[in-house]
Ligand code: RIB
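Coming up is one lone chain in structure tokens, specifically the form predicted alone.
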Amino acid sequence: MATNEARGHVTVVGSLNMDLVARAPRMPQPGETLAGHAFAQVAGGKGGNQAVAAARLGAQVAMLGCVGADANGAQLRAGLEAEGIDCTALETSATAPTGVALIIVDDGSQNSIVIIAGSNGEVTPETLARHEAALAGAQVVICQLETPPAAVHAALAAAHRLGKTVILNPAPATGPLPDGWLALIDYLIPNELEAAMLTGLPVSSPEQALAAASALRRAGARNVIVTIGAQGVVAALGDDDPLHFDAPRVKAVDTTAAGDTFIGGFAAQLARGANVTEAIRFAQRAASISVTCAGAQPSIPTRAQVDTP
């Protein structure tokens, strides 16, 4: 296992958004105006969240993406740099505003999110070509689906060609992945909703998650890890029998960025040399801490917090 001093390199290719978060007693019905409890504006976006998570949880991190030439973009860039994240490959659009996410969190700590891509839509295969050095310098490369599909495919293909460990968080998922993508991915990590979209199977229990993970393995995925919230994690790893990892028991306050925390922690551990089982359990502990705090990036713990008994 890696020593405490070892720090692997992780590159995240993905989105950065300014999150506009409203807390309300429940989700509003169509046409309804509902009084909320509180409002906050915090840094987010799956790419940004996963980059911050990997950095706080022990990795050296580079961010590849695009923000707007506006106050939100400047704030997001400054926030990443404050975490020690290399932003050399973070471009600034001259025309598109920084991405925004509108988030409602209810009293049950569940959330609904609407994303406006903005400058995230300007990440292209050409962007990847300009910044291939950011991929070459990493042990682990993480992608999601909040940037254009052509750019995601370019990132997966380049990272695979360079011999990196490739993680895809297929979020947001709208259906099966395009042909040829699974062969480029080492670890496919959906949540239960995304696993259902990828497979067309219901996924609301560990047993159903196991079935979905096995179906994705049969479709060509090498390793599939399905996160199912308080029910834990299901992993179909190589040719081994699928495994179920129980989730730590905590009182959830806000589940925003729990999945991103899991992925950042998992990637950080792999980059440090941990085995997959160790990486999953570490990532689960990190995610369990994140749900006890409000907000996206503000809720992501440090490595010291996760390592403290």
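Model, not experiment: these values are computed from the prediction. All residue numbers refer to positions in the sequence shown, first residue = 1.
Beyond what is shown, the protein has a form predicted in complex with ligand RIB; the following relates to that form.
The partner is absent here; in the model of the complex, the one residue of 66, 62, 257, 263 having a heavy atom within 4.5 Å of ligand RIB is 257.
Partner proximity in the model of the complex, defined as non-hydrogen atoms within 4.5 angstroms of ligand RIB, places exactly one of 246 to 254, 270 to 278, 42 to 50, 24 to 32 at the interface: 42 to 50. In the model of the complex, residue 237 stays away from ligand RIB, with no heavy atom inside 4.5 Å. Of the heavy atoms in residue 17, some are within 4.5 Å of ligand RIB in the model of the complex. Using a 4.5 angstroms threshold between heavy atoms, residue 113 counts as touching ligand RIB in the model of the complex.
Remark: residue 286 does not count among the residues lining ligand RIB in the model of the complex, judged by a heavy atom distance of 4.5 Å or less. Contact residues in stretch 273 to 303 (any heavy atom within 4.5 Å of ligand RIB, taken in the model of the complex) are limited to 296.
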